[in-house]
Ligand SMILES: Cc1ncc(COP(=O)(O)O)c(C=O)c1O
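Starting off, we have a lone chain in the form predicted on its own, written out as structure tokens.
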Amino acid sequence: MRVAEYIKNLKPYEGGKPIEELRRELGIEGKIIKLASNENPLGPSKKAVEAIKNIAGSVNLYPDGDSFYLKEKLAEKLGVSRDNVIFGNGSDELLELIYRTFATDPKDEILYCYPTFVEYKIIGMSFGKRLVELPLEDFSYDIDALIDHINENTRIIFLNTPNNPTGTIIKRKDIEKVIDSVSKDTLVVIDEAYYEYAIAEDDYEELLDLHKKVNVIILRTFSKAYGLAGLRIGYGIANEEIINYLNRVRPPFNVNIVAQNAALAALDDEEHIRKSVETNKKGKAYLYREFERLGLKYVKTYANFILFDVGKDANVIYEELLKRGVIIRSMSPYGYKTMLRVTVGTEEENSIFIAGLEEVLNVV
């Protein structure tokens, strides 16, 4: 088959290994814990689960193409107009829509710091875009270097805060600095997938009002704190012009009927979000203490995962943990050869992970 060279060079996204896949591969019969994909360990809201059951009998019908009721509720919760909101089949689809809508010239450049959310790169490569990738500075975005690389061809800038996989944030003043450094024809994408966890920290600054800028879109999701990753539903907040253009290329019925109803119910369950955030804060504190006890360096996180350094081949540690029924992520593919990323789990899961890690470190 004739395929563009940039497609041939594209490596597909690799998610965290599924539990059942590990069970098949290694024949593990006991408990397996997955702390690899930054999923909510408490699962979805019970209200969301009930909504899923109630709508199951209607899946023969097409969903509301405009996500009308969900858009109304979310807009009210955020204090914005419904015309400022767009939904996608996960944030990934919104990223694709952004590329298709705002990076259409072969000369257009996409700017970001790496390691960051790898889909910026994968989707950009899938469209054959020119990617300008700068290194992180101390595990965070190097804003001054990023600004130095802005030129007349810069069409999209991705700012991931908290950044995945490092968990670090970009200060509001630095985000505003980037916005002030570009023309109105350069879109600044502020990706806040882990917003609910980050805003619980005292020094995380609210960014929502930046959506009023002529060239800014903020991305958030129901996949993380809301626990609806399996339903694939994310959203963007921007001025009416940006949303209008994105809606012109958005596929019809892109958010399924189950996802819409589950998200509607999840928005009503503020107690579930509170409990999820509190569980995460306690889990982070425990893992910080355990890493310090084991003499391991880690990066302070504003999300629901922690990047840590074992001082040894990360792939070896990852494989040994798999044998013990513990799934986390090696950061070797990101260039961090001795580092891994672990999702903050329940109290039991965190304890199992630490016990497995300590055992592996003693034998490797």
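The model shown is predicted, which means the values in this text are computed figures rather than measured ones. In this text, residue numbers run from 1 along the sequence as written.
The form predicted together with the named molecule is left out here; the points below concern that form.
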Q.
Can you pick out, from V255, A193, I156, V216, the residue that has a heavy atom within 4.5 Å of the named molecule in the predicted bound form?
A. A193
**Q.** Contact residue in the predicted bound form, chosen from Y120, F87, Y197, Y226 - any heavy atom within 4.5 Å of the named molecule
**A.** Y120
Q.
Please pick out the stretch from 180 to 188, 128 to 136, 255 to 263, 218 to 226 that is in contact with the named molecule in the predicted bound form, where contact means heavy atoms within 4.5 Å.
A. 218 to 226
Q: Mark R232 yes when one of its heavy atoms lies within 4.5 Å of a heavy atom of the named molecule in the predicted bound form, and no otherwise.
A: yes
(Q) Using a 4.5 angstroms cut-off on non-hydrogen atoms, would S91 count as touching the named molecule in the predicted bound form? (A) yes
(Q) Within 4.5 Å, heavy atoms only: does N164 come near the named molecule in the predicted bound form? (A) yes
Q.
Is it the case that N160, even though its partner is missing from this view, gets within 4.5 Å of the named molecule in the predicted bound form, heavy atoms only?
A. yes
